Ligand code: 5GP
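Shown next as structure tokens: one chain only, the form predicted on its own.
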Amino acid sequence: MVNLQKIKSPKNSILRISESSINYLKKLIGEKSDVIITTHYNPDGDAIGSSLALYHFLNAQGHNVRVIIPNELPSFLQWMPGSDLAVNYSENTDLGDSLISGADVIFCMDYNALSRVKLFTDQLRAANGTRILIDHHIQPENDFDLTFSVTTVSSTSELLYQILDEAGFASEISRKMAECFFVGIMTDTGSFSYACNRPETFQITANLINAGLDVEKVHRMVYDTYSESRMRLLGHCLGSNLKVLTEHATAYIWLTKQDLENYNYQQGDTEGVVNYALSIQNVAFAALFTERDDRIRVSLRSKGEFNVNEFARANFNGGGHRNAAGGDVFKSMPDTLNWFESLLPDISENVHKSLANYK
């Protein structure tokens, strides 16, 4: 496990990585090799942002490098530089397996357990390449040869920037890398509305602007390219499928498979929907339940000190961060919603306390 500590430094660095870890990473970067970069199933902005930023960096260093994503990117992320070169494992399994088995180095971006990639977990576990984890989720597993795990940063993208900075490569950040870094930071902070109460996050963003980032353009590309069907699905969520439980300071939204079919659901269309429930006045805990073929996917958000990571681990075999987590339920939608509501009385006092302290 890499030793990372909070410090104060002239570079406004938030982390100091052990010298041995820096030297090891520099050695890997300095030796040309076959590298793959992997990320979790249903990749979001931070997952693909950190992966592509690392891709552009390693490519410039002369490595033979490929990005492998488990499944398709949401449409609002497909413009990102280098995304068209990523291998979609679900569509090209043979190529993905070949790249994994032949890799000298395997970077694992934005996930804390090999199971999070879902489709090629066994292949990663059997691979001979050096596995390097870069992630900001809690409780990373021990399947990695080198682990950079810091929960206090906004995103894996911010952590990766910091690692490259500590290793002396900040001057090599290109415009393409800056765009990828920023997508990760922006999306994992909800456009700088949570998980961003740290000056270093904004200092890094300023550095990205100096590297050529056009903030307004990137924000537009991510948030102003919704399809009509996605907007109508959001309207359905808020108009018909939103329930507010004032007595528990809780709100939730649910979507059945029929709802998704009716509104021509595409990968990524429910991104951020749970935040609308959380934005309601006097609500400190929110959930989104989305029906899949074999399970109900649960997304949880909270305000203040109420820990949805612990709630997800206890009830949904999931996890994440204190204020953002997820998991799965293997019940019908009606049974899932009834069960969720039955859990609320036991946590209601803590949710209300969190709301009171948040104001």
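For clarity, every value in this text was computed on a predicted model and none was experimentally measured. Start at 1 with the first residue shown and count on from there.
There is another form of the same protein, the form predicted in complex with guanosine-5'-monophosphate; it is not shown, and what comes next is about it.
Checking 30-38, 295-303, 62-70, 330-338 against guanosine-5'-monophosphate in the model of the complex, the stretch whose residues place heavy atoms within 4.5 Å of it is 295-303. Among heavy atoms of residue 131, none comes within 4.5 Å of guanosine-5'-monophosphate in the model of the complex. For the chain shown alone, residue 155 is not a contact residue for guanosine-5'-monophosphate in the model of the complex, no non-hydrogen atom being within 4.5 angstroms. Taking the partner from elsewhere, residue 116 is found to have a heavy atom lying within 4.5 Å of guanosine-5'-monophosphate in the model of the complex. Proximity of residue 54 to guanosine-5'-monophosphate in the model of the complex: non-hydrogen atoms within 4.5 Å are absent; the residue sits far from the partner.
Comment: guanosine-5'-monophosphate is not present in this chain, but in the model of the complex one of 112, 187, 205, 162 has a heavy atom within 4.5 Å of it, namely 112. For the partner-free chain shown, just 137 of 133-160 comes within 4.5 angstroms of guanosine-5'-monophosphate in the model of the complex, judged by any non-hydrogen atom.
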